[in-house]
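Next up: just one chain, as structure tokens, the form predicted alone.
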């Protein structure tokens, strides 16, 4: 209960979004489109600012909310974002066009497991942001981290999955299998020999992984 009150307090300090971002939040809520939780995305944006990220690759566009948040926060950055759902991809393109961010955000349509070469050719990247099919997190990480620069960062959302990775109290067998996959990914990630990782209990759980390399030695 205390943690819930603390979370609500922190959320109350975040200024409300205006204009197209507020519209997108309403659309996502009404159409059950998952977008990053407020505290999680604010944390990620602050990390991107500190990193001064110039190139970002996002796996999981949905309606383009996170991509636009990153574009507004880092107006000099270039963002590549991948989405496989045709309807959401079309909606993302619409929002990006209305926000006049077409020159900053490049959209790639297709399954992230199948458009690796296409998206990767637009790199290398300072940051990889993974927010797509949770059961494929490890595969996404393995495929797309290859396009990171030394010292690059991987941000992975939903790694605590409503706390179910800790309680293992899953309502259905499908959810239970998904929880096991995320839990396995978390252990794999935090023990990865090439990355230093911390999991932050903000939003739905955000993992920050820093690639070891020349900049970190």
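As the structure is a computational prediction, the values presented were derived from the model and not from experiment. Positions refer to the first chain, counted from 1.
Below, we turn to the form predicted together with a small molecule, even though it does not appear here.
- The chain is drawn here without the small molecule; in the predicted complex, the stretch among 32-40, 47-55, 181-189, 161-169 whose residues come within 4.5 Å of it by any heavy atom is 32-40.
- Each of 66, 111 and 132 comes within 4.5 Å of the small molecule in the predicted complex, counting any heavy atom.
- The small molecule is not shown here, and in the predicted complex it never comes within 4.5 Å of any heavy atom of residue 101.
- For residue 84, a non-hydrogen atom is located within 4.5 Å of the small molecule in the predicted complex, even though that partner is not displayed.
- The closest non-hydrogen atom of residue 60 lies within 4.5 Å of the small molecule in the predicted complex.
- Within this chain, residue 88 lines the site of the small molecule in the predicted complex, having a heavy atom no more than 4.5 Å away.
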